[in-house]
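Just the one chain here, the form predicted alone, laid out as structure tokens.
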């Protein structure tokens, strides 16, 4: 009889959100969480297939599980390609689709059954002050390098009333930060409710909280969204806007359906309407056929935009994608070199941007404590702040506090409580 469980989550915030719903289902079945994997009756691995490195981590975990010779039951779920599902099925007791979460009880031979769409299952949030809320699942874009349309299928938007209700419940329980999640949030549509309209509905919910969202696609980033971000005061002035490449020819091969000129126009409008906005991006280096000259266009873009942060990935071949048909002709050595070049630029621009906050008094959401009783948190612009005073006060966790910024570094700020 299964009594305890342990979940291992790889991947993005959507995977984390899915694990919170898995937690809810398992605890409703009477299982209790085990902090230690080797002591759990049931081990759930919620995996990601976006990059080969993420898949390799699962294979590494399989080797570890085999070496421990545990008697635990095991479940593999998450974003899984068909070829990986076939290969991995022999290593796990169950390979279950996250969309079939309501049927897991039956698969595990529990009499209790939950008959509802998995996104209607009330999650057990990892923490109560920063909450991940999926507004849609799947993707219709079929970017040439991405497996998401093959692992999560086509876009499905949640009913807006369900989303608003989940936000209301989270805020009532103390949430100070709401993350709206989707593979392409700005293509959200529920009847007449578009993504900007959804933001307006959530902005009207009473309470002192911030609204964040990820991820956005430039092809769907309309002027109406920029206007809504400006007028909805709870919407945080931070945006992750993936560019993936600074070269139009590479973007076309990636099937990104916008030009660098389109992208720059969006950024120009954002900075004009929301002057304090902090921007981050996603970019892939070493996409098949990317020349040094084409990469230089990405370098030029980074210098021009002056990002606050960038998530830089080395191209990884993924089965089923269109890019898998292309020869991976950029060496790993060259990919690492290009990654370092972009990281160096972002480090410089992030530091320049961070210095502007010195002397300001700003709200900071405290989200963690260091070993020496210092506290860390995020500003509305998603800047990490370290509180310089050593304060032993557990009540600070999850609270919005006023902080005077005294120092800037490459990737964060330092300040004092006021």
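Numbering follows the first chain given and starts at 1. Quick caveat: nothing in here was measured; it's all calculated off a predicted structure.
This next part talks about the form predicted together with S-adenosylmethionine (SAM), which is not shown.
Peer 1: Could you work out which of 178, 146, 250, 76 is the residue within 4.5 angstroms of S-adenosylmethionine (SAM) in the predicted bound form, going by heavy atoms?
Peer 2: By the 4.5 Å heavy-atom cutoff, the listed residue in contact is 146.
Peer 1: Considering non-hydrogen atoms and a 4.5 Å limit, which listed residue (199, 284, 236, 170) is close to S-adenosylmethionine (SAM) in the predicted bound form?
Peer 2: Answer to the contact question: 284.
Peer 1: So which of 238-246, 266-274, 203-211, 300-308 is the stretch with heavy atoms within 4.5 Å of S-adenosylmethionine (SAM) in the predicted bound form?
Peer 2: Answer to the contact question: 238-246.
Peer 1: Heavy atom to heavy atom, is residue 338 within 4.5 Å of S-adenosylmethionine (SAM) in the predicted bound form?
Peer 2: Looking in the predicted bound form, residue contacts with S-adenosylmethionine (SAM) do not include residue 338, since no heavy atom lies within 4.5 Å.
Peer 1: Given that the partner is absent here, does residue 51 sit within 4.5 Å of S-adenosylmethionine (SAM) in the predicted bound form, heavy atoms only?
Peer 2: Close contact exists here: in the predicted bound form, residue 51 approaches S-adenosylmethionine (SAM) to within 4.5 Å, heavy atoms only.
Peer 1: Just to confirm, residue 118 within 4.5 Å of S-adenosylmethionine (SAM) in the predicted bound form by heavy atoms?
Peer 2: It does not: once S-adenosylmethionine (SAM) is placed as it appears in the predicted bound form, residue 118 has no heavy atom within 4.5 Å of it.
Peer 1: Can you check whether residue 314 is within 4.5 Å of S-adenosylmethionine (SAM) in the predicted bound form, heavy atom basis?
Peer 2: Close contact exists here: in the predicted bound form, residue 314 approaches S-adenosylmethionine (SAM) to within 4.5 Å, heavy atoms only.
Peer 1: Mind listing which residues of 181-196 have a heavy atom within 4.5 Å of S-adenosylmethionine (SAM) in the predicted bound form?
Peer 2: Just 183.
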